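Below sits a lone chain in C-alpha cells, taken as the form predicted alone.
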Amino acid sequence: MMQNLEINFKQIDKIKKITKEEKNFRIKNLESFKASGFPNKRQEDWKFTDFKSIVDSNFKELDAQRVSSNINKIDLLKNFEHNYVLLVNGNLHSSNFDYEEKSKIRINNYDKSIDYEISKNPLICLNHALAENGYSLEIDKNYKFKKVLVIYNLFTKDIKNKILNNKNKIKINENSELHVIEYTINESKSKFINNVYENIILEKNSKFKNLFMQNNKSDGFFHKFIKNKLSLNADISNLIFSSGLKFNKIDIECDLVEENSKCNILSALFLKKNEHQEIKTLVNHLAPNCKSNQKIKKVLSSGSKGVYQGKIYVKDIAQKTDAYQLSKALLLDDNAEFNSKPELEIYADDVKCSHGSSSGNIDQDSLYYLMTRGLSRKDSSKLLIKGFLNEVIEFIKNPSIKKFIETNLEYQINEY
C-alpha cells in the first residue's frame, strides 16, 4: 500500500495570483478529496474500477508538485498538414496556427477563473484543488478552421511517481468549426498519473470534432473528465482510439441545453494484456429536438479489462429526443473482462430512445468461412477484428486522417 502521498494545503499557498474566493474554493475541494481519498468500488461511478487499489498496487509514493516543461524538440506528424498546440507535462509550451487567420484564434495559459462546482468525483476535486497548468482556447464567431488542430500532449522522461493535475477550456463561438486530434506522446518509462478536467463550450451553430489517440504504449495512468455544453444547433463528436495505455478512464458529460443540438460519442479500442480502459458517459437531453449517438466497440485480449458506463437522461421538456446507445465487445480470451452498464432515465413521452450491450467471442462460422478461402486462423481473426472496429473509423471523412487512424489500429491488431 502506498505510504507517502504528498498532497497538502501548503501547495495551494504556493499557487500565484489567485483570489481569496478561488483559494477558498481550492481548499474546499482538497478537503473533499482528503475525506474520501482515491475513488473505489463503493462509489457508483467507479463500481467496475477500484482506482484506490490500482494506485496502491502501482505506487509506493506519489506527489502533486508542479514539474518543469523543458524540452529540446518534438517530431511533428508528417501524415497530414495541421496546426498544433504543444503541451509539455500539462503546461502550454507553444502553438502554431500558420494555416489559419490568427486574429480569429486566442490561445493562453489555463484561466484560473472559477466556474466549477464541487464534484462527487474525488479526482475532479483533486483537480479543482491543485490544477495550475493547461490552456484556454477560443475561436471567434463565423470562423471555420482550414486544417485540423493537433494537440500534442507530451510527457517527458523525468516524470515519475507524479500526479499531474491539468485544466483546459475550449470555447467555439457562433457559426464556427474546429477539428482536433489529441495526440499523447509519453517518453517516460516510469509510472505517473495524469488527471485532467476539460470544459468545452459550443455556441449557436458551432461544430467540434475531437479525436483521442497516442503514439505508443504507455505505463501512465490517465483520467480525463470532459464537460460539454451545447447551444442551439451545436454539434459535437468525440472519437476515442486511445488503445495501448496501462490505465485510461474518459468521463464525458454532455449537456444539450438548446434545441437541435447533437452529440456523438464513438470508440474503437483494441486492449491487450494488463490494459484497463473505461469510458463513462452522461448525455443530458435538456431541450426538445436534440440527438445523441453513442457507439462503443472494444476488442479485448488476455488479461485486459474494458468498462463502459453510459447514461441517457431526458428532461420532461425534451420532447422529440432521438437518443441511441450501443456497446459491443469482442473477447479474444477467457481471461479478458468486459463490464457494461447502460442506463435510460426518461421524463418526456414523445421520444425515441434505445440502448443495448453485447459481448462475445469471434464468430466461429465466419472464422471457418475465411479459413476455407485460404487464410490462416490468425489472419482470419485479424480480418474479423479489423472489420468489427472499422465501423467507427468510417465516421472520419478526411482521407489522410482516416488512413492515419487505420494504420495505427492495424499496427495494434498485427501485434496480436
Partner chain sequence: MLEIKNLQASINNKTILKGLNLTIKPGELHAIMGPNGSGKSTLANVLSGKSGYEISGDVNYEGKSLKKVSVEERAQRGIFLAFQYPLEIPGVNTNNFLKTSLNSIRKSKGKKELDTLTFLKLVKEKASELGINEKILSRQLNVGFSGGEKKKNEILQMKILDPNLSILDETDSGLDIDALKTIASGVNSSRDSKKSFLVITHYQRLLEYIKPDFVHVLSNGKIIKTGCGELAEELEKTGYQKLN
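Because the structure is predicted, anything quoted here is derived from the model rather than measured. Residue numbers count along the first chain shown, from 1.
Just so you know, the form predicted together with its partner chain exists too; it's not on screen, but the next bit is about it.
Novice: Only one of these stretches, 344 to 352, 33 to 41, 386 to 394, 62 to 70, has heavy atoms within 4.5 Å of its partner chain in the predicted complex; which one is it?
Specialist: Going through the listed ranges, the match is 386 to 394.
Novice: Give a yes/no on whether S366 approaches its partner chain to within 4.5 Å in the predicted complex, heavy atoms considered.
Specialist: Yes.
Novice: Quick one: is R377 in contact with its partner chain in the predicted complex, heavy atoms, 4.5 Å cut-off?
Specialist: The answer is yes: R377 has a heavy atom within 4.5 Å of its partner chain.
Novice: Is it the case that T372, even though its partner is missing from this view, gets within 4.5 Å of its partner chain in the predicted complex, heavy atoms only?
Specialist: Within the cut-off, so yes.
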